[in-house]
Ligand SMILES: Cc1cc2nc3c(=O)[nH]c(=O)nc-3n(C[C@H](O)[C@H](O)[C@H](O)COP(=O)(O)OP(=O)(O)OC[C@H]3O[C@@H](n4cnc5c(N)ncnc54)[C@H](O)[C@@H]3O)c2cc1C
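Encoded as structure tokens, the following chain is the form predicted alone, with no partner shown.
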Amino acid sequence: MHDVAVVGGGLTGVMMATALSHTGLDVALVDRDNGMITDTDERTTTINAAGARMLTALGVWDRLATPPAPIRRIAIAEGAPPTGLAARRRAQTDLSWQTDAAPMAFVVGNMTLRAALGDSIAQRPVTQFRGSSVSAWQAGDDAAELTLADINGTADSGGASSLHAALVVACDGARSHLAEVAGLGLRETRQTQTAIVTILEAERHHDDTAFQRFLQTGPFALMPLDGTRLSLVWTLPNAEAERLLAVDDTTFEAACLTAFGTGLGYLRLAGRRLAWPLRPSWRRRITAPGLILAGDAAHAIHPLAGQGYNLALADAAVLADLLVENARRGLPASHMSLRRAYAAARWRERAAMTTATSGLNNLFSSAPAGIRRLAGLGFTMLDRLPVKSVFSDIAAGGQLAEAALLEGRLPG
């Protein structure tokens, strides 16, 4: 029997299994994929400073084939880009933070990160069940049993049709099958927005700056990549996103300039346009007997601050420390005290990030500008509120979660 079984072979699941393999426990990973990278995912992941320290300690950072792009500045603006005299007046109310020391965060291509994680876990004592999914599971007082199903005849499970583990960690996404079976209710917002994700090539260098422009239709975010390239995540109402996904490249580029302005010169489309339906979700309970939820299975947040994967990294770091402490006390991974400690430790950061991202998105893209300003909720008020620090403090990483890995140390 394994001590821990991680279910889900995406960026979160492989990272979780890699992190927990450093606790001294017997760890297994159940992955629907067969381990071969065949797609061409052009999306990117933003990793804050604490996450970078953690991935360095796990040996992942040094395996990145392409150097991560640093974020040294954050520039935030409200409303459509003004012109002429209005542009000079508006510049005085925009918000920005910067550091001349270490980067606040980094932007990494998903394919690059996935390959580095795959190389890292291959060096760890993790039993991998690839090409398998969980068709059923049941949890007892001391252990859980997972029934495995072969995916398209590609399973590499050593002939196993089931596995037993003291604790199961579900990293199987926002619509987690394991969470559903365990009765961990999901509170999901209605899907009224879609994010367009792609790569843009700017005429001028971004100066290692992450840009967030809050438009009434939704935030327009540009994250710096190598050279003059930027990763775009543009939140729009469903119908408008569908329209812009269908127009020709020139029309799309013109729409980007209208939304963002000409501060970086012309913005040329340099990648495929992908649609990302936005359904921010929240689970009040993230544990059940024999089960812990992590990553999007526990909390799928709005992507405007690029912090979803950082929450997952903190989930793994906190759980690793708790498992080490549990073992020191002579308790099994299935003990209820570990589940209670994990839920308590993750509550504050989960609540803060969910409130900050969904709240800011709703404030700037739902309420009419006139009402916002009459109520004192416009950008000038935001500059005076504690939430102003969300974009700079969280970018630095680790301030809402304390764990060895987030400090760059292995657990234990």
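Sequential numbering from 1, following the sequence displayed. Computed from a predicted structure; not experimentally measured.
What follows is about the form predicted in complex with this ligand, which we do not show.
K.L.:
Let me know the one among C256, A195, L264, A341 whose heavy atoms come within 4.5 Å of this ligand in the predicted complex, would you?
P.N.:
Answer to the contact question: A195.
K.L.:
Which one of these stretches, 170 to 178, 118 to 126, 212 to 220, 244 to 252, sits within 4.5 Å of this ligand in the predicted complex when only heavy atoms are counted?
P.N.:
Every other range fails; the passing one is 170 to 178.
K.L.:
Taking this ligand as it sits in the predicted complex, is V233 near enough to touch it, meaning that at least one heavy atom pair lies within 4.5 angstroms?
P.N.:
Looking in the predicted complex, residue contacts with this ligand include V233, since a heavy atom lies within 4.5 Å.
K.L.:
In the predicted complex, is there a heavy atom of this ligand that lies within 4.5 Å of any heavy atom of R63, even though the partner is absent here?
P.N.:
No, R63 sits far enough from this ligand in the predicted complex that none of its heavy atoms falls within 4.5 Å.
K.L.:
Even though this ligand is not shown here, does T12 get within 4.5 Å of it in the predicted complex, heavy atoms only?
P.N.:
Within the cut-off, so yes.
K.L.:
Wondering, does Y309 line up within 4.5 Å of this ligand in the predicted complex on heavy atoms?
P.N.:
Yes, Y309 sits close enough to this ligand in the predicted complex that at least one of its heavy atoms falls within 4.5 Å.
K.L.:
Using a 4.5 Å cut-off on heavy atoms, what residues in 319 to 333 are near this ligand in the predicted complex?
P.N.:
Contacts from 319 to 333: none.
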